[in-house]
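Shown here is one chain on its own, the form predicted alone, set out as structure tokens.
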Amino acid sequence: MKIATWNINGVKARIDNLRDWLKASNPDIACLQEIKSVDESFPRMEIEELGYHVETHGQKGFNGVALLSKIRPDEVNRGLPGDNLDEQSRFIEGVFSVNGGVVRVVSLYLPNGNPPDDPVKYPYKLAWMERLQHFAEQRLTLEEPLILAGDYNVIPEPHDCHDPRVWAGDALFLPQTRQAFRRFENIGLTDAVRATTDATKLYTFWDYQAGAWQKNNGIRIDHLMLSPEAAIKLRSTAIEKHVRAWEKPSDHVPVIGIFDF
């Protein structure tokens, strides 16, 4: 089973790229972030024509996540538990029947948090990460394959960016952010890409500014985090970097995991 995550950066603006990618890469489940669309106006028909079932948790003009799957989910849950006042659409979970049981797949869009000295944005990021950890801890007790896929807006290690000095004061790379991610990882989750390679200069995001793509000045912030039951089924990973060179690209590229489900 091929499971992918991709911050599409506006599904309506990238619908042609999305369709081309689905046809070429052919994932079984695709987790999208930043769809920037309410549920009612998501281009569902264009995706369903390719044989995908569509589940969304949208928001007008901002955020929004989606699950595109060749198999219909048995269950769908929208919104990260832990804060009933949180109106931002950043989390959707699907439960899918596979050989031998089920797999839980989450598409998540973790808050950016910049600027770090903002009295609301950075605390919201850290609080969201704490809620995500609590969610994962609860799901891990089920002892089922769990894949938490998405744009984490976290650069885990210095070698996950082109120049740590450039990102030193950014919310994506602050010590508090990386510590929160490490606590999240240490509850028993595996970073799929780092489980399969120690290579450097592996990036998933390149800014539109200052020739970042042309210079390969990127960062790795899109991750597949796996429960032990999912990690043991992981065969390989890939970062589909070529998609960044397409016309009107997202600033992110898809990250792929191949599993023995």
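One rule holds for the numbers: they count along the sequence shown, beginning at 1. Just so it is clear, the structure is predicted and the values come from calculations on it, not from any experiment.
In what follows, reference is made to the form predicted together with the DNA, a form of this protein that is not presented.
Undergrad: Which of 46-54, 66-74, 31-39, 225-233 has heavy atoms within 4.5 Å of the DNA in the predicted complex?
TA: Result of the contact check: 31-39.
Undergrad: With a cut-off of 4.5 Å between heavy atoms, is residue 242 one of the residues that contacts the DNA in the predicted complex?
TA: Outside the cut-off, so no.
Undergrad: If you check in the predicted complex, is residue 248 within 4.5 Å of the DNA, heavy atoms only?
TA: Close contact exists here: in the predicted complex, residue 248 approaches the DNA to within 4.5 Å, heavy atoms only.
Undergrad: With a cut-off of 4.5 Å between heavy atoms, is residue 176 one of the residues that contacts the DNA in the predicted complex?
TA: Judged by the heavy-atom cut-off of 4.5 Å, residue 176 is well away from the DNA in the predicted complex.
Undergrad: Just to confirm, residue 201 within 4.5 Å of the DNA in the predicted complex by heavy atoms?
TA: Residue 201 lies outside the contact set for the DNA.
Undergrad: Just one of 162, 139, 78, 121 has a heavy atom within 4.5 Å of the DNA in the predicted complex. Which one?
TA: The residue from 162, 139, 78, 121 that makes the contact is 121.
Undergrad: Can you tell me which bits of 30-63 touch the DNA in the predicted complex, meaning any heavy atom within 4.5 Å?
TA: Residues within 4.5 Å: 34, 36, 60, 61, 62.
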